[in-house]
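Next up is one chain by itself, shown in structure tokens, the form predicted on its own.
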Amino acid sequence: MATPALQLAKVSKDFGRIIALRNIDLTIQSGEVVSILGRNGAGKTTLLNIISGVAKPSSGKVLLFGTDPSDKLNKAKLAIISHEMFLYGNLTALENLEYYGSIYNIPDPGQRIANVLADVELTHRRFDLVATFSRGMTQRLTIARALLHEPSLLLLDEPFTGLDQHAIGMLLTLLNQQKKLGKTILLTTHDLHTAKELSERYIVLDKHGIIHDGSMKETTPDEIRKKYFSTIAAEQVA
């Protein structure tokens, strides 16, 4: 059997007295597209940070492609789009991508950079400083950065934030292309209809853990909202 793209065993994360995650067990096979759903503060971003190696769990074990997330080989297999853009405002769009191309030793970087700039419709702004970009343009360049080295695993933390409707459609197209290529995608989102469109599977985080792990084919956004988020809202009011 093929090695899973991701395995978490009894993963917990505390910030002092604050419990963020508790005893998370999760296995994601290569090629799966999974949406992580949950209210603000449920631990979605913390979970992605642990998976990416940005944060270490307080306890438990994480494996990416069968090895520790800090393994250098995993750096080339992984990309993350988060609230942190990882871009340099005093460099142009082209210079940012050239920098990351050098880090990942991308073959024929010039052509690859041209391709991803075209994919996110920023070719005409390639010589402009990132500091002059709008929030949406910066997010598009972040997407180009993430796809540049053709990662096997994409971690997306609210990737549609700051994008207009045209850019959202563009990103959905790119993610569906990655899906067809067999890439593994794990994303957090509050948009249940987008989750339904992209994902075959979803998990719901609440009370520091996974309260549901299900198939998107067997449910609808309205059913998810009523079954889980209505309950969460009612408990918060109570």
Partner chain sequence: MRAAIAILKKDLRMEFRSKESILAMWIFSLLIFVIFNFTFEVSRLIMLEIAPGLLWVAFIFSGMFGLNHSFAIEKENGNLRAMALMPVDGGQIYLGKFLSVTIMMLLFELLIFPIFIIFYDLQLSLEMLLLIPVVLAGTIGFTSLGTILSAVAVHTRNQQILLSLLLWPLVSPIVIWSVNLTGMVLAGEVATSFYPLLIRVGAFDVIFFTFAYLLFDFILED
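Note that the structure is a prediction, hence the values are computed from the model and not measured. Residue numbers count along the first chain shown, from 1.
Keep in mind the form predicted together with its partner chain is missing from the figure; the text below concerns it.
Peer 1: Spell out, yes or no, whether the shortest heavy atom distance between residue 211 and its partner chain in the model of the complex is within 4.5 Å.
Peer 2: So residue 211 does not count as contacting its partner chain.
Peer 1: Is there a non-hydrogen atom of residue 100 within 4.5 angstroms of a non-hydrogen atom of its partner chain in the model of the complex?
Peer 2: Within the cut-off, so yes.
Peer 1: Is residue 126 close enough to touch its partner chain in the model of the complex, meaning at least one heavy atom pair within 4.5 Å?
Peer 2: Residue 126: no, not in contact with its partner chain in the model of the complex.
Peer 1: Considering only heavy atoms, tell me if residue 132 and its partner chain come within 4.5 Å of each other in the model of the complex.
Peer 2: Because no heavy atom of residue 132 falls inside 4.5 Å of its partner chain in the model of the complex, the answer is no.
Peer 1: Report the stretch among 27 to 35, 173 to 181, 52 to 60, 197 to 205 that approaches its partner chain in the model of the complex to within 4.5 Å, counting heavy atoms only.
Peer 2: In the other structure, the partner sits against 52 to 60.
Peer 1: May I ask whether 92, 95 and 105 all come within 4.5 angstroms of its partner chain in the model of the complex, judged by heavy atoms?
Peer 2: The answer is yes; 92, 95 and 105 each reach its partner chain.
Peer 1: Of 137, 80, 116, 167, which one comes within 4.5 Å of its partner chain in the model of the complex, counting heavy atoms only?
Peer 2: The residue in contact is 80.
Peer 1: In the model of the complex, which residues of 188 to 202 put a heavy atom within 4.5 Å of its partner chain?
Peer 2: Sequence-ordered list is empty.
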